[in-house]
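As a starting point, one isolated chain is supplied in structure tokens, in the form predicted on its own.
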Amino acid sequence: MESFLGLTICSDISMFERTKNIKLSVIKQIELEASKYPDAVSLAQGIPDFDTPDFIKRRVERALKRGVVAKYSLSPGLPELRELIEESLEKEGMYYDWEKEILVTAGSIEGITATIMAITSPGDEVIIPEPTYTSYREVINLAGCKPVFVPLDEEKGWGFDIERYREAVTEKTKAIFYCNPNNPTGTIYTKKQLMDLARLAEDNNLFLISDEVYKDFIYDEKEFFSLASIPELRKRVIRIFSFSKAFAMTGWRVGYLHSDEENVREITKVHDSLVTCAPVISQYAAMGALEIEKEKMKKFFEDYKKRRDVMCSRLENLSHVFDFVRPDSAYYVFPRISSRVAEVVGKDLIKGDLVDSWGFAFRLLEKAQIATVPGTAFGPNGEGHIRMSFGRRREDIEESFDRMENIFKT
């Protein structure tokens, strides 16, 4: 006990109970470390290297000239934007009322945070397949809940076994939260897998939170299916989307979610407490994105597909270093690191049959100035892997692999 200005101070009091177990994203930590190397090349953070398209910028310029971006919008978002979202959802076979069932958010992560805070109580459990996006775990922890990891099967193309989900459900389980397409593996869950998940949710009265920010990156004519397209599941499914990836708008911080009226009403209460409303200037940018023809975005998609093929080809040339599952979507590859790299990166990184992914990522940064994300950031089942983004420039991809081929010579 200490005294200050006549007050008795308890010096051992913990002031940060809610945040003491929250960690800064490993992805951000890697980028911070890479910034110390002037010639570092990053394949880490999932930022599209394209600039926001001019037609989106022009929509914003018009709004600026009209003087309509300086004030708050309604908390759920601009009515005209929500109407456009309703129309875009209808084209995808989903029917949601713009007035009551659509909420514009400050990016997908704010929508995720508001959703978790609204539907759970401290002590609840949220099941997440893994490896999966690193921030999910932290949001669940922030809400005072417990993340329950269910491993995906790498041997089956990172698919999931419904029996593992069934075994993970307890009386405390409140939701199953998944990313489809998956980050970091690029997996697209099949319709059968998702319908099995829906039946499990119905049997146990669970919410299903579906983060679909990579839905516009589907390669080789693979089929994509969303449970939000089934009317009977609208009270159970909360679907989240962001404009960040598909429209090169990561810095604009705007996305949306949709679900049944009752769910959205409760989530909006949290959203209003967190941010009041999504940035209005960004909402006008989102309107520009929804007003364009899909054909105008085709170049982005075609370039990503070519970069995927380049990265996979270069990985095949390093088959003594990495094994990988070719991604069907998103813009990541999630290769397994071979223990045969011990002579280069150090035998101290070999842990049984796996390579310490955190140590490997930092050694790769030190030895070749290449930034990647350690697989352990995406859950326990990600250990022994690293994530590489082909959302970066092709020149950066080629340079990274030139450097890796140099240090991992056979």
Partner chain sequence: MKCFAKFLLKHYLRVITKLTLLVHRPVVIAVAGSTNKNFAKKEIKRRLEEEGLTVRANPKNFNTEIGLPLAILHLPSGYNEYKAWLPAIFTSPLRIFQRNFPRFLVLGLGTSDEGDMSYLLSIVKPHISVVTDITQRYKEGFSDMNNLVDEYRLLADRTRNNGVLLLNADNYRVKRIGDNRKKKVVYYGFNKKADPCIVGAQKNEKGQRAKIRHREKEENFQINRFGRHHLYAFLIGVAVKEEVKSL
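Bear in mind that the values here come from a model prediction, so they are computed numbers and not experimental data. Residue numbers count along the first chain shown, from 1.
Heads up, the form predicted together with the partner chain isn't pictured, but that's what we're talking about next.
Note on contacts: among D196, D124, E86, D216, the single residue with a heavy atom within 4.5 Å of the partner chain in the model of the complex is E86. Residue-level contacts in the model of the complex: of E266, E316, D272, E80, one residue has a heavy atom within 4.5 Å of the partner chain, and it is E80. The chain is drawn here without the partner chain; in the model of the complex, the stretch among 188-196, 316-324, 90-98, 239-247 whose residues come within 4.5 Å of it by any heavy atom is 90-98.
Taking the partner from the other structure, the partner chain in the model of the complex has a heavy atom within 4.5 Å of a heavy atom of R58. Residue contact with the partner chain in the model of the complex: K296 places a heavy atom within 4.5 Å of it. Within this chain, C312 is remote from the site of the partner chain in the model of the complex, having no heavy atom within 4.5 Å. Contact check for K174: every heavy atom lies farther than 4.5 Å from the partner chain in the model of the complex. Contacts between 244-282 and the partner chain, taken as any heavy atom within 4.5 Å in the model of the complex, involve D260, E261.
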